[in-house]
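Presented as structure tokens, the chain that follows is alone, the form predicted on its own.
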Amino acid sequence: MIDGFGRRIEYLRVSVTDKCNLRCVYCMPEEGLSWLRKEQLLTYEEIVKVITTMAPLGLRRVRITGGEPLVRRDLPELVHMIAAVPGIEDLSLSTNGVLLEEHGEALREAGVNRVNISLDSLRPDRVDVLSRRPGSAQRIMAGIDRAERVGFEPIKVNVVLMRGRNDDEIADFADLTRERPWHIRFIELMPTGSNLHLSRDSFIPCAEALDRLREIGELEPVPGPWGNGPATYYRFPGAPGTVGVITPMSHNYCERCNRMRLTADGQLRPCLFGHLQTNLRDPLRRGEDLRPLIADTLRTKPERHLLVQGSDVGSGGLIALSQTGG
């Protein structure tokens, strides 16, 4: 699968639900959204049918996302089915970690290789404020601990930077990499319809975070762990972990994009943002060949996103990142 700009597309992010058990301030309105109905969601068998169709075309990597994917029942069953698809070489999961202690072992046994876990503060009271769910911090940390014990490798911890809310913890997060084999990734805040105030007032470029870290120690560029995607990585000398930065706003990396997204209701999106998407669910349920639709979607993949900080221009009308799998 080669798009119109010569990029090889081999990675699919699959959202299994639009629901989430948190209400993180940068991701979703506190009151939630109008959730998809059960009949609108792709079944596990339908998700696997899409992946089975794309694998001979060049799909090699699948990431399961949400919303929060672990709120969907029997997720290890889907993992087992995807892991059995010929040609799929890597299967990963993005999660907020709240349910990972409970489900981590079953997911690892079913075929998940590695996990990305969202954690926006190391202070329990602050985690609860940012997630708008009391008690979430303890469960997230327990989930990270379980991820280590069952053997997920690598473990990536995603931190969305917000001025005045968690930027005083940049050094604390980075210091974890001196002791733990974690890959801490600082992510620039991306605007959606529900977070424009944050996007306007709390944005921090990752270059500023790196400048702060260089004041406490030498950082050396490193290749980073397997599946590093758009992140650029650094390491304190001798540290077992790394510090990564993901810069969708200050340094666009779209020229290296290798992915498409399948939403929970079966829309194939060539970009996280924008209006472009192709309905695969209804043709799939009619028994139609999906390959021409996949090819058409590939041809529409834009050269880059058109996000503007503090504005919903370019977001495609998204209210929350959970609507498309983030």
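All of these numbers come straight from a predicted model, not from anything done at the bench. One rule holds for the numbers: they count along the sequence shown, beginning at 1.
Just so you know, the form predicted in complex with a small molecule exists too; it's not on screen, but the next bit is about it.
Colleague: Would the small molecule be touched by all three of 121, 167 and 184 in the predicted complex, meaning a heavy atom each within 4.5 Å?
Modeller: No: no residue has a heavy atom within 4.5 Å of the partner.
Colleague: Just one of 177, 202, 94, 136 has a heavy atom within 4.5 angstroms of the small molecule in the predicted complex, so which one?
Modeller: None of the other options qualify; the answer is 94.
Colleague: Within 4.5 Å, heavy atoms only, which of 280, 54, 271, 27 is in contact with the small molecule in the predicted complex?
Modeller: By the 4.5 Å criterion, the partner-contacting residue is 27.
Colleague: Where does the small molecule sit in the predicted complex: which of 74 to 82, 231 to 239, 250 to 258, 156 to 164, heavy atoms within 4.5 Å?
Modeller: The contacting stretch is 156 to 164.
Colleague: Whether residue 263 contacts the small molecule in the predicted complex should be assessed with a 4.5 Å heavy atom distance threshold; does it?
Modeller: Answer no; every heavy atom of residue 263 is more than 4.5 Å from the small molecule in the predicted complex.
Colleague: Tell me, yes or no, whether residue 65 is in contact with the small molecule in the predicted complex, where a contact means a heavy atom of each within 4.5 Å.
Modeller: Residue 65: contacts the small molecule in the predicted complex.
Colleague: Spell out, yes or no, whether the shortest heavy atom distance between residue 190 and the small molecule in the predicted complex is within 4.5 Å.
Modeller: Yes, contact at 4.5 Å.
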